[in-house]
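Single chain ahead, by itself, as structure tokens, in the form predicted alone.
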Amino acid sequence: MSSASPAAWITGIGTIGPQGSGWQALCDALQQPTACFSHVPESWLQYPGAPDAFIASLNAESEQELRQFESVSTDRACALALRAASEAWAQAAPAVDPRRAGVYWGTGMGGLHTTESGYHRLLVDHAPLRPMTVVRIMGNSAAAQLAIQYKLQGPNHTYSVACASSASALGEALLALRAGRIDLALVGGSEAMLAPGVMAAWGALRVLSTRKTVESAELACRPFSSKRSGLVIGEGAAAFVLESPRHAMARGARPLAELVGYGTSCDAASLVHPQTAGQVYAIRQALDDAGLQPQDIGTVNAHATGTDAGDVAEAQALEQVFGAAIPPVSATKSQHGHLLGAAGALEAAVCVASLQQQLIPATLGSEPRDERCARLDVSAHPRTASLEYVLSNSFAFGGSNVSLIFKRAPSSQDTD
């Protein structure tokens, strides 16, 4: 084992997504996995090229809860960020010098709901735009609102790296904590991309799972299966409080898990076709960063969107890194869909839940298996396991690759 770089402690987690609102809802859903998919509203099908697609939206209870975070200056993605962060912050209950605390946030398309409704208001309704339209649309809106809410006066960074956005935010926050630039970071990602115009754009790419290609909503997203039909777009947010172990211990905080490894690369080859070599490089960087060998990883949370190109490239990357001993793999987008810019953060929360529950999540609908992915050990049911380290992959359009490694929380004896 090579020398490991310092870790960051996770002292607070908050989530909201298709599986419900709150960290406990996510943990419960992983124990009883179901596919949280439905059809797009019928009214969206009136638009040219609108796909009759499946989506992963919030349930009615989560919608009701989200309303208390909405205001004239918050887009839906921002409200989701505020909801997730409120839970993470309350759990961590940190005391921190405001100038030693920062926000690191990821989003693929920021205030997209406001953008789309703004065009409709201007071009269809012939009405003037609302005064707060600009600040609702801007990509750093959520990060700015989080800083205001919690009086965090240190770095305030927004990462827009498509599906790797929030995974990048987590990795960059880890580097800032290691460098001693900050003591604490509020980190995560949010995405609210379920709108008719955006779905039409995704439909034009021909990567969505639709009613024309799928028997039922339960089988809408089938990573690694020969019957896969495409991805299911979801919405939601996940937030974390990351701290340096020194800072957390000084105030008597306990970790929920540790973030110990970060690797990132760019394929520099294609906007939409993932490359195995770039993914291998990101995974190996994360292992080196954590001071680990491949055999130390207990399970992999795969990016695995349910598209042919993505699933096969990642399966090949895992074979190259792990050889004949690929650890068990899970693809939880088969349950909660693809949250795009928020995907890395939500799946980081899944990794922490895996470590706490000593559980490998289910991958729904993966059989019959694509023979090119046949070497992956996946299961339609959650499995118990002894897990010390979990690897999470986020591989994005644009060729950006991020791999993160999480470690089970040390015992109280180890940290006292």
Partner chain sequence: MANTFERLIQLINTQHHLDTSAVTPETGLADVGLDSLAVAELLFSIEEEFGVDLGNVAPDAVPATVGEIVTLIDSSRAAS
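Keep in mind that what you see is a predicted model, and the values were worked out from it rather than measured. Residue numbers count along the first chain shown, from 1.
Not on display, but discussed next: the form predicted in complex with the partner chain.
Contact annotation: Met109 falls outside 4.5 Å of the partner chain in the predicted complex, judged by heavy atom distances. Although the partner is absent here, Glu70 sits close enough that one of its heavy atoms falls within 4.5 Å of the partner chain in the predicted complex. Among residues of the shown chain, Arg284 is not one whose heavy atoms approach the partner chain to within 4.5 Å in the predicted complex. Not displayed here, the partner chain is kept clear of Gly252 by more than 4.5 Å at the level of heavy atoms in the predicted complex. Think of it this way: in the predicted complex, the partner chain has a heavy atom of just one of Ala309, Ala95, Val272, Leu129 within 4.5 Å, and the residue is Leu129.
With the partner removed from view, the residue among Val198, Val280, Ala162, Val135 that has a non-hydrogen atom within 4.5 Å of the partner chain in the predicted complex turns out to be Val135. With the partner omitted here, the stretch from 373 to 381, 346 to 354, 60 to 68, 41 to 49 that lies within 4.5 Å of the partner chain by heavy atoms in the predicted complex is 60 to 68.
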